[in-house]
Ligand SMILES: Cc1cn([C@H]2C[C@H](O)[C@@H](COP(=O)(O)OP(=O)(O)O[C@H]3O[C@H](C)C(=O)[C@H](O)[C@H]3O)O2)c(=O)[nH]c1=O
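A single chain, nothing else alongside it, follows as structure tokens in the form predicted on its own.
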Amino acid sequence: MLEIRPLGLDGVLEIVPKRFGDARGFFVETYNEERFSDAGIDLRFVQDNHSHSAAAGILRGLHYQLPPRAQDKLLRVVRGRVFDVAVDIRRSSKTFRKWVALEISAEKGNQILVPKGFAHGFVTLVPDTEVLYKVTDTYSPQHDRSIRFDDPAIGIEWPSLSGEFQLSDKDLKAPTLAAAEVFA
């Protein structure tokens, strides 16, 4: 019922639940704790988040929470498309500073699992994009952190879009990875 594909960094996975469709549309079970557990994904999600981005080129990230309030994230798109990025920010990891990207879309029905120890961000590829994501801990302003999306030490190859990216003030002021408080 689940197609799972590792994306090259420890624990970062593309998950594609099976869709059942007919002339009326489709049905899909986007999350089932037992099926995920059977696939080796044993997480307890405690909060669901929903973001809407009115335009293409809205960039959100790179975000994470520090321990003890770190979060695993399971993200999917219910309208539109995003270029989604996970960056390994575990200083002791052999893949520290490495990143992976995946296009996630409502049409594909795919999801990305971003584990603790990774910063996460996305840019919308089309207008009116809606993203839903589950997290394993609630939002904690004291543990919330961000890293510059364009940090040259990471070197994310964001897609070229007409016009500039739109970012929040928080994301525009985010530190580089070298200056950020990250995982050991």
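We number the residues from 1 along the sequence you see. Note that the coordinates shown come from a computational prediction; the quantities given were computed from them, not determined experimentally.
Unshown form predicted together with this ligand; subsequent notes refer to it.
Not one of Arg19, Tyr31 and Asn110 comes within 4.5 Å of this ligand in the model of the complex, counting any heavy atom. None of 154 to 162, 119 to 127, 38 to 46, 22 to 30 except one has non-hydrogen atoms within 4.5 angstroms of this ligand in the model of the complex; the exception is 119 to 127. Using a 4.5 angstroms threshold between heavy atoms, Lys170 counts as touching this ligand in the model of the complex.
Among residues of the shown chain, Lys73 is one whose heavy atoms approach this ligand to within 4.5 Å in the model of the complex.
In the model of the complex, this ligand lies within 4.5 Å of some heavy atom of Tyr133. Mapping the unseen interface onto this chain, His63 counts among the residues with a heavy atom inside 4.5 Å of this ligand in the model of the complex.
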